[in-house]
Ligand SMILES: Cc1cc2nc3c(=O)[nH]c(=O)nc-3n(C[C@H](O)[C@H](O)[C@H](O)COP(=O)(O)OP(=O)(O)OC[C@H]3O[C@@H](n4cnc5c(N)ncnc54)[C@H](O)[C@@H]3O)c2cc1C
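What follows is a single chain, given as structure tokens, in the form predicted alone.
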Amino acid sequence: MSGSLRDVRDERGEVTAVDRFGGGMVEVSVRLPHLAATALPGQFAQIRSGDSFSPLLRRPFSVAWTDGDSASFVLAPVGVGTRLLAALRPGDPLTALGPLGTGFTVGVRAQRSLCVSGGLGCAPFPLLVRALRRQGRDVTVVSGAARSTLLYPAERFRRGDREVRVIELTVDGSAGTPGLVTAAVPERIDAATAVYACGPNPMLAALARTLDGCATLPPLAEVSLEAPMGCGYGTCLGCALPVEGAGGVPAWALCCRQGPVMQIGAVAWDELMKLPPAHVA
């Protein structure tokens, strides 16, 4: 689902809650009435803490959840910008530009939905899971991380809905099943199960290879991609990613406009993996 730039607002809000999980992961909830009312699952906002312009550029984050007039974001302190955001406390100011980008396709005809989450790729799924469940879909979340402290809490995917199944995998075996998150995908793929994924681009590329090897293709397979986003609405061109073009020649698409959610088959994965990794700082 894609939004229009006509819906975008530069909105100032106040932090209402900060939940801290293992491994430094933080969920920040902010009173942002416009964003909370208009954000679609998979869309994002460019956010900045306080009134300072240092760092100059805002940081892009998926809208993880909306509740009343509040919107939530999931992040981890990996650079100067995210350290400032992770240090926020209730009552602190925050500005958000959004909603931005193209979100997930919720209206596809499918009986079941499989959400594949890797690490901080958990961010867009709570909002997506709620939208899918409101359509009566059967939802399974496969959540993976390097170790248990980096897993998003299973209940945060469910948000009180006990019918949502969460399957956890960790590379070191410290929680759930040992192994990579993609290992749990093939047995859950059929012609009635839509696939949605978000995580590091190498994980998404591995998922593309996994789906290529499945005997039955899902009716829909979409991924939310990472890219450096300076502006968030297509002016700076910093988030260009390679996609499949005519005659198999890679073309370019802007992650902030044609994405961040794209059909998995539309991405030129071999070319994408040649690019430097995207880091949110």
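This one's a predicted model, so the numbers in the text were calculated from it and none came from an experiment. Heads up: residue numbers just count along the shown sequence, starting at 1.
Here the subject shifts to the form predicted together with the named molecule, a form of this protein not shown in this document.
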item	value
Contact at Phe61, Thr82 and Met229 by the named molecule in the model of the complex, all three, heavy atom at most 4.5 Å	yes
The named molecule in the model of the complex: contacting segment from 91-99, 170-178, 119-127, 154-162, heavy atom within 4.5 Å	119-127
The named molecule contact in the model of the complex: Ala146, any heavy atom under 4.5 Å	no
4.5 Å heavy atom contact, Ala87 and the named molecule in the model of the complex	no
Distance check, Leu225 to the named molecule in the model of the complex, heavy atom within 4.5 Å	yes
Distance check, Leu75 to the named molecule in the model of the complex, heavy atom within 4.5 Å	yes
The unique member of Val243, Ala36, Leu57, Ala221 whose heavy atoms fall within 4.5 Å of the named molecule in the model of the complex	Leu57
The named molecule in the model of the complex - contacting residues of 257-274, heavy atom within 4.5 Å	Pro260
